[in-house]
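Below you will find one chain, with nothing else, as structure tokens; this is the form predicted on its own, and questions on how it binds or moves follow later.
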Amino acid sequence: MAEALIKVDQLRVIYNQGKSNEVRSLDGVSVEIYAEEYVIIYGPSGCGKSTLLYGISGLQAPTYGDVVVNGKNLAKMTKKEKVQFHQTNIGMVFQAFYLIDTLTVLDNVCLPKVFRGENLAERREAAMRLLQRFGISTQADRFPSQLSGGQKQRVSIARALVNDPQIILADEPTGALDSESAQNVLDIFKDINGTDKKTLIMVTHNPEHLVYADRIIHMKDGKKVREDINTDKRPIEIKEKNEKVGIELTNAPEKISAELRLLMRTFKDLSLKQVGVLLIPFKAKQLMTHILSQLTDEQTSAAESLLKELLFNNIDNDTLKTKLDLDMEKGGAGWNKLRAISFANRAQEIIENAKVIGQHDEKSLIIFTDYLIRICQLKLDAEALLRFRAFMRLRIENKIDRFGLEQKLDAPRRNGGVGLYRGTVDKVIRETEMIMLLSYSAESH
């Protein structure tokens, strides 16, 4: 049987052990991570996720338990072996960057090679290749204080990669970045994992990041509470031994339809209890989240109730517009007229497309894909359009899930994909999955 690259066995980290202020940061965590996996450690602040990451890195000594990387127990390494391990096996990316202000960008990236005693010209050449790859070569002679947060993080990623380690560990790497810079970092990580074949482990508390991972380890109160799987890269014998598909799917009754199984992989809060009539409130809440900008809780709650009525066919679209614009004291949602019209029209368009894809014919496919092209502002030539429609057909017919569709839309055209930009793929996926949810009916299960 293939061995795990990283094996954490009953890891416990206890601070102030035996004292009145004892804290169990980790309490018996066991995890196995295989080569080339992209694993996210997810959970709220203080749940132990960063402690687990530092345990894997060897920077945090265990109170009890073992961490084995590449067949070597970190706790049993000599000092020289630990230095070698950190220099060649592990690259680390931190939220706070930890760049040295008195060194230039180029010298910051070169630093791990300096400790290895490598030739000046060779280490500078290696560093420049990475800076060019991440689009910051023009900043090579600047100092960290002259960079934006996003640029600093790209420098720290280059530094983590410069010794070509097998494993990249990232602790909340987007926590100090704006949304555009954060997306840039996530795209880089995806490329590092997919192209460079690095094993990547990232800590985050942001649920929007979970789609990027092959596996998600959920942490709470110092314990691993569950694992979700998006793409299983583990060896086949491990898959067969531990077959788990995301949430609630392993032990789910056979009567669950394929489309509901795929929806449950996308909408993590969707459970079997919400099938049938109970799905309407869930649909309303998701539709609200999908198309709403910031409103007060009262305005949102009132509008959500009206959406339920619309989905139950108790009111029509014109009534929805009127009631959204009506004062809350009179039973409305207290929106302004323009917002109410825009929202109602958007909701109606999504609902109509949910009906369209239920027809499962060529005409409905064209209508739906033309809608996506318009709403997501896609620019596709004839070849890309054919591929786009073929992949959307697979998703509509539930022959692939959202993650399979994402890969096909994101893949380069030379590899048979559509070659869309990552941000555009996300828009298409979100719109498609929202419509897939609304198209699902209790009768189909």
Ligand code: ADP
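As the structure is a prediction and not an experimental result, all values here were calculated from the model. Start at 1 with the first residue shown and count on from there.
Not on display, but discussed next: the form predicted together with adenosine-5'-diphosphate.
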Work out which of S30, S45, Q377, N415 lies within 4.5 Å of adenosine-5'-diphosphate in the predicted complex, going by heavy atoms. S45
Would S57 show up as a contact with adenosine-5'-diphosphate in the predicted complex if we use heavy atoms at 4.5 Å? no
Residue contact check: T432 to adenosine-5'-diphosphate in the predicted complex, 4.5 Å heavy atom: no
Touches adenosine-5'-diphosphate in the predicted complex: Y15 (any heavy atom, 4.5 Å): yes
Of the candidate stretches 65-73, 406-414, 22-30, 379-387, the one with residues having heavy atoms within 4.5 Å of adenosine-5'-diphosphate in the predicted complex is 22-30
